[in-house]
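Here we start with a single chain on its own, the form predicted alone, put down as structure tokens.
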């Protein structure tokens, strides 16, 4: 099928990997995710002075200000994320916390703020937002323990806590992985959810397709304190000297 401005859906999926936003005013979108648009749209940095009032109302996330732009005007905007699945979520006076790298866009009727859990954003209020995932997303009822790498987010419930399987970690294979610096698995470390609400889990324990390990490392530095950044710099310098 060949799409045009009339046949494209409005605020719905074009397919599993692309979404068409019907922009009538303003919308926040993640930088670099626009793949096409019809109409008269502009794209400005969140830090642009013209949008101070909008940012004050809807974007309380200074650590992630450089990751988003404001789309303004009238038109249909198609978003994609490297062939990852895209879903829309409608909040009604609710709250949903999502991994920051997976938040593709949201309406300014929602308030976006940094979660107390590093690397996540919390969206509050009533409105629509978009998120990408590596595979379809499933809603799971707590109490449940989830592999952190498979977690997309959680809705209307308290933040999770970490649970470590020390028996597994002390085992021979766990020690071998730690010794060689291998990647930990969901059997060693999980996020423990309790209370009311829903947990959003993607159908893979791997991050977004096309996202490198370096992208993940850079994203996580935004939540580090100054002393932790100095420690990270020291480790990097030591690794470079050993190469």
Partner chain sequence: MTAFRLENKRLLEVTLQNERVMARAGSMVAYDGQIKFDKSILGGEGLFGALKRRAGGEGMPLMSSSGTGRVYLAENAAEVVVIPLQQERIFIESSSLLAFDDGLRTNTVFAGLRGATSGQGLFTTTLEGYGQVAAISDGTAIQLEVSPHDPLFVDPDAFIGYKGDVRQEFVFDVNWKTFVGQSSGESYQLKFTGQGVVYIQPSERR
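Values in this document were obtained by computation on a predicted structure and should not be read as measured data. Positions refer to the first chain, counted from 1.
What comes next is about the form predicted in complex with its partner chain, which is not displayed.
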- Assert contact residue (its partner chain, in the model of the complex, non-hydrogen atom within 4.5 Å, options 32, 62, 49, 195) equals 32
- Is there any non-hydrogen atom of residue 26 lying within 4.5 Å of its partner chain in the model of the complex? no
- Would you check, heavy atoms only and a 4.5 Å threshold, whether residue 55 touches its partner chain in the model of the complex? no
- Message: Can you work out whether residue 83 and its partner chain are in contact in the model of the complex, taking contact to mean some heavy atom pair no more than 4.5 Å apart?
- Response: yes
- Message: I'd like to know if residue 14 sits close to its partner chain in the model of the complex, meaning any non-hydrogen atom pair within 4.5 angstroms.
- Response: yes
- Heavy atoms within 4.5 Å of its partner chain in the model of the complex: which stretch among 113 to 121, 152 to 160, 88 to 96, 74 to 82? 74 to 82
- Quick one: name the residues from 33 to 48 with any non-hydrogen atom within 4.5 angstroms of its partner chain in the model of the complex. 33, 34, 35, 36, 37, 38, 39, 43, 44, 45
